[in-house]
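One chain is shown next in structure tokens, namely the form predicted alone.
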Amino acid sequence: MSSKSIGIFDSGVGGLSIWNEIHLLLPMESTIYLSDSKHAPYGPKGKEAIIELSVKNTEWLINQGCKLIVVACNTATTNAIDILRKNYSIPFIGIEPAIKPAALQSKSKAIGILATKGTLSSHLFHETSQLYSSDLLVVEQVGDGIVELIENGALYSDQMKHLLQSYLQPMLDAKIDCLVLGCTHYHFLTPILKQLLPEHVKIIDSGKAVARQTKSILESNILLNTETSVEQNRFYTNGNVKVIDSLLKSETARIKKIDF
């Protein structure tokens, strides 16, 4: 089992930010990335639809022989990961907004959270928020339209910049000093956000923490790759191959369009 691949799925290309951190930390591991761009974003969908899509993605990756699955989607994690862990025997790694590190680092006691509707309205998010932000002012913002622009290759468009400006202004008015990115797609906004935010505002996402947790779970389950063969990274999408290619910026990436 140790030589088998790590499976990663997201409602599109956002989870590539998680894939990158896992690949950097665990370069000997082979990976299979599944981008369900056709159904992106998951955020506005109801809980049952999100569970159904997550199960579909999970079973596809299991059929590819994956040894562990990373749910590289905040909305899928908060709505479906308990069901996945209950129904499948392989380990799962989930993603949730990095409220705890933001709460610990904030000096102004005001933080912003940019996330999808599906994440912000979930039970798991509210539990985490109440646990770590009782003494904080938390400004929540649903990032309507962001995922769609990224999936359509309009990451650096004027439309994206104007959208972000409108979402950030209430947070800046509240004097936040930490911005939590509560969707894996949003990691790719970091260069734009740094232009729009004051220098003292820290941008926090979950990528590195997820990679460390993936390594820990592989170790505890004796699943770390011990083979000397060259790793393989495969990417599958039911959306636009060019969008994945532009975000990976890798000449050796194996990207395949699938009907899924």
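Note that residue numbering follows the sequence shown and begins at 1. Quick caveat, the model's predicted, so the values are computed rather than measured.
The same protein has a further form, the form predicted together with D-glutamic acid (DGL), not shown here; the description that follows concerns it.
- The closest non-hydrogen atom of V147 lies within 4.5 Å of D-glutamic acid (DGL) in the predicted bound form.
- Although the partner is absent from this view, C183 contacts D-glutamic acid (DGL) in the predicted bound form, with a non-hydrogen atom inside 4.5 angstroms.
- Within 4.5 Å of some heavy atom of D-glutamic acid (DGL) in the predicted bound form lies at least one heavy atom of P41.
- Look at 183-191, 154-162, 123-131, 167-175: in the predicted bound form, residues with non-hydrogen atoms within 4.5 angstroms of D-glutamic acid (DGL) sit in 183-191.
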